[in-house]
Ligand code: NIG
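The data below hold one chain only, encoded as structure tokens and taken in the form predicted on its own.
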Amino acid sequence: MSLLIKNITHLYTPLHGLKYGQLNHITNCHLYIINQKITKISKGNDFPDAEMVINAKGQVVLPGFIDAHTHPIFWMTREGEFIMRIQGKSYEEIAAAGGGIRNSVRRFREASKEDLIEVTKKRITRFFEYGTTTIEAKSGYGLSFDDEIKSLEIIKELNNEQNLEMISTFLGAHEIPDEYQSDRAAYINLIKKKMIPYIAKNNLAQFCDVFCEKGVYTVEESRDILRTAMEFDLKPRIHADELNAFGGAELAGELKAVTADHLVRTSDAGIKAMAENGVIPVLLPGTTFFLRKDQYAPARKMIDAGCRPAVATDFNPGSSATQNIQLMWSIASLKMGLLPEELLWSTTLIPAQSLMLDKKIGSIEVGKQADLVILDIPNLEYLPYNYGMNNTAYTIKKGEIVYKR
């Protein structure tokens, strides 16, 4: 299969070797794809024949977006809790009243695997509409051995059935389930002794995550779970310092975690620990916005300290019900002060690094997998400016058109 994208007005891409925020920018060019790979980027009027041709005159071509933090495997949505937030209830108050993550867990357990596969399959194809070609996909709404395994098996099965690339993260430590509220040590022991060994043996996840937060998992519990995961070659990620400066970022540095995510309330010491130990901050501006919070993660302080953040949607049924990573560009620009050039890094090559896929995807280079988005915009700056809109004209995954407006 060959595909020619001709007359590209602007092609922007980060590259290894460039500084964060610097881009390779090529104007009036053509891009040629054969058998899923980028084979040529050229200028002028001399371009090869192809089985399929896209005329991108007046449009922008970028690497396909990579969403480094999502929770797509759930059963029912929680719009009722959204109304409670409008009425002034906080995330913590809703959770204390029986809502939040444990609400999704109860509903997840009621659904059959077949029903979950059907609804998830419909749900995840929408990522393509916004130009997202790869996602990190967490479990975490089962919180029992059978239901966590079911969640990860769904990700694995759907990876074989559809085009969106999903990289699995085990998040059995998303909450303490209802039945273990009076014996949290027993649930943690279940994660360590049964879930993690089984998941590793059956290659159901590449990463292990923990919600390290006041009222959820302590720093000590998070360390214990993640060290166990690391013994089984599951790489650590941490939900850290979302609601309180709790020490999650410092723990991420101590363990040399791949990522620390949220980081709204992280301390200067936490930022230093991440910078010194190569931890990638994954910032989730949509979550802060959707929870009606005023304080956003200190992105500029992290960058100044030497971190290179990713920006993701945190798509989930309760605290960030969107798959639109283009909207994250606008919120991150306005509320975190990130520039368009930085946001392109933060939604392509850096999340590819966080998923250990940067040699294959995340930038537009000859020899790399042809994961691309063509946007009907005049320039890169227009993308966050045109907020709330979907500017995708085409999404291309492995050289195949998977979405066309």
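Everything numeric here is computed off the predicted structure, so don't read it as measured data. Heads up: residue numbers just count along the shown sequence, starting at 1.
We do not show the form predicted together with the ligand, though everything after this point is about it.
Contact with the ligand, judged by heavy atoms within 4.5 Å in the predicted complex, is confined among 70-78, 225-233, 109-117, 127-135 to 70-78.
Proximity to the ligand in the predicted complex, defined as a heavy atom within 4.5 Å, holds among Phe289, Phe207, Phe211, Phe82 only for Phe211.
Shown without its partner, this chain lists Glu250, Glu165, Glu242, Glu148 as candidates; in the predicted complex, only Glu242 has a non-hydrogen atom within 4.5 angstroms of the ligand. In the predicted complex, the ligand lies farther than 4.5 Å from every heavy atom of Gln326. The ligand is not drawn, but in the predicted complex it has no heavy atom within 4.5 Å of Leu152. Contact check for Tyr91: a heavy atom falls within 4.5 Å of the ligand in the predicted complex.
Using a 4.5 Å cutoff between non-hydrogen atoms, Gly318 counts as a contact of the ligand in the predicted complex. In the predicted complex, His174 is the single residue of 162-194 with at least one heavy atom within 4.5 Å of the ligand.
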